[in-house]
Ligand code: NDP
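Only one chain comes next, encoded as C-alpha cells, the form predicted on its own.
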Amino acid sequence: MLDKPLVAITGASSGIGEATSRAFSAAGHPVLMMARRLRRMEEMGLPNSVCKRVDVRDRDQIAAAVMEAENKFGPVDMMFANAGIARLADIGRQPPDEWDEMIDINTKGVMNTVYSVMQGMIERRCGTLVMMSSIAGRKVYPDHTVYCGTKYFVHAVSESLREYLSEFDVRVLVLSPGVIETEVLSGVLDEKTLSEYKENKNKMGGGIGADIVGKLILNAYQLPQNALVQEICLTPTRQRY
C-alpha cells in the first residue's frame, strides 16, 4: 500500500487521459489506466500502475478492472470518467450509427464508470468524481448536434450527482475543455466538418496542451475534501466560441 490513494482514469491511452495519468503518477499516486489501446498505456511505463483494456460500454469490464486495482492499491479515491468520442458532422448527412456510438460511449459509458466506484465512495464518505464534458456541453454548434447532446447529458447528470453525493462528502467536478491538443479529431469522419474544425483551430493559434489540463485536475483534486471546484472550463485565449 502506498501513502497516496488510487486514482482511476478511463480513456487513459492518449490526450487528457494520458496527461492526467502522468500528472497523478508524478505526484505519487498509484493509477488504474483503462482504455481500449492496452499497449499505449503499457508503453507509458508509469510506476504503481495497472493497465486494463476496457470498453466503457461494458459495465462488467470496468468493474473487474476497478476490483483488480483496488485489491492491489486500496480504494479508488478519484475516478476520471474521461473516455469519449467525437463524431462531428452536419446532422443532415450524419449516419445514425455515429449517433449510437456517441450516445453509448459518452453517456452510458460515463454512467457505467461512475457506477463502478460510487457506492464505495458513499460508504467511505470520501472520493472525487471528475466528469468529462466539453465546452460543447455549455453551448451548441451546428455540426455537433448529437455530440452536444451527450455533453449536455454529462452536465445534467453531474449536477444531480453533486447534489446527491454532497451529503456523503463526495465531490463531483465537471471538466469542460475547449480546443485541446489531443487525438479528438481522429473521431471526426466527415471531411467537411473536419476541414472547418482545423481551419478554426488554426485561426486561434492551435489548442492548449493536454498536460495543462492534467495539472489543473490534480490541483483541484488536492484541495481539502470540503472544498470543491465544481467546473473547470478551459479554452485557448483566442477561442471565441
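These numbers come from a predicted model, not from an experiment. Throughout, we count residues from 1 along the sequence that is shown.
Omitted from view is the form predicted together with this ligand, to which the following refers.
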| property | result |
| --- | --- |
| In the model of the complex, the one of L46, V184, L173, A65 near this ligand [non-hydrogen atom within 4.5 angstroms] | V184 |
| Of L194, L216, M204, I180, the one that lies within 4.5 Å of this ligand in the model of the complex (heavy atoms) | I180 |
| Partner contact for F73 in the model of the complex: this ligand, 4.5 angstroms, heavy atom | no |
| Proximity of S158 to this ligand in the model of the complex, heavy atoms at 4.5 Å | no |
| In the model of the complex, R57 touching this ligand (heavy atom, 4.5 Å) | yes |
| 4.5 angstroms heavy atom contact with this ligand in the model of the complex for I105 | yes |
| Site check A12, A35 and S134: each within 4.5 Å of this ligand in the model of the complex by heavy atom | yes |
| Contacts with this ligand in the model of the complex, stretch 66-85 (heavy atom within 4.5 Å) | N82, A83, G84, I85 |
